[in-house]
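Before any questions on binding or motion, here is one chain by itself as structure tokens, the form predicted alone.
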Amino acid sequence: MPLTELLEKPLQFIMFGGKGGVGKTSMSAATALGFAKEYAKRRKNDKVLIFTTDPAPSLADSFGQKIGNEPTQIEGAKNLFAMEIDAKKVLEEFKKEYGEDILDILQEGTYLANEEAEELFSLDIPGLDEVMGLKKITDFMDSQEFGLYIVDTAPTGHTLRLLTLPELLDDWIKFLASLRWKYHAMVRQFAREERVTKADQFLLEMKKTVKKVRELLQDEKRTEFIVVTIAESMGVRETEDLISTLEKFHIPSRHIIINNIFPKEDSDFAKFKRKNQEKYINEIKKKFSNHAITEVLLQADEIQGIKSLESLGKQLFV
């Protein structure tokens, strides 16, 4: 079943995920192009933004043009924009903006010396750079500049970590808030006053960000997670793990794309490959009977540029 039905839904956020090398970038790029063309056909003014936080991005290769850390117009697609987010750069900007506030919380809520607090703050919080990249997109969504956001995620391991980040970040904020509570309790005891500082405002903003990200990811009316896989044993196993995590965190996922399926040809090699793949295709259909399955044939040439993405899109949108 193709992705055509998604065109009729009021989606704002579509994520593509799966193991490395299954064609997530090609599928997400072709889908973004398909939505942009459909919007243009319907004379809708909604613009589409496709982006990635993958540390090894390849959107630029798919579209055959340079793409930066800010929305870039895709040549040949009127209302399609792309962005390769440098998550580490976003994190550095975050630390620059809020670093003093976090240090204040650590220094005032603990017995750490200034040097110790700074050393603790300099440690990497796993996945924080990725959630900051996602925060940048939620900030874009607040501006309502784009009508649809499509995410080409990093391979499965990174994606699973990204999906659990709201919970982990929430725990991190609770820890900082507990330090802040101790500080305020001490101030009330000795100064007999209550003061709201910039550090307190920072915690409130971060709490709002986590809530916003969690609500976005779990909103079945606005969000869809499309799993991309291939017809082989490892692909099936990773798809099981990914869908299990999506269900655990209540993230809507109703579509699976099986990519690189050998066409039905007369050669012995093609027949052998197709027969072997059909075993896993049937397994995927049986295991995930509640999902819509889209089968995509192996492409003869490398998928690069608007024309090849349009050709791929004909299999995704019928």
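Values in this document were obtained by computation on a predicted structure and should not be read as measured data. All residue numbers are counted from 1 along the displayed sequence.
Separately, the form predicted in complex with a small molecule exists; it is not shown, and the next lines address it.
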Task: Heavy atom of each of 19, 298 and 301 within 4.5 Å of the small molecule in the predicted complex - done: yes
TODO: Name the stretch, out of 256-264, 286-294, 34-42, 272-280, where some heavy atom lies within 4.5 Å of the small molecule in the predicted complex.
DONE: 256-264
Task: 4.5 angstroms heavy atom contact with the small molecule in the predicted complex for residue 25 - done: yes
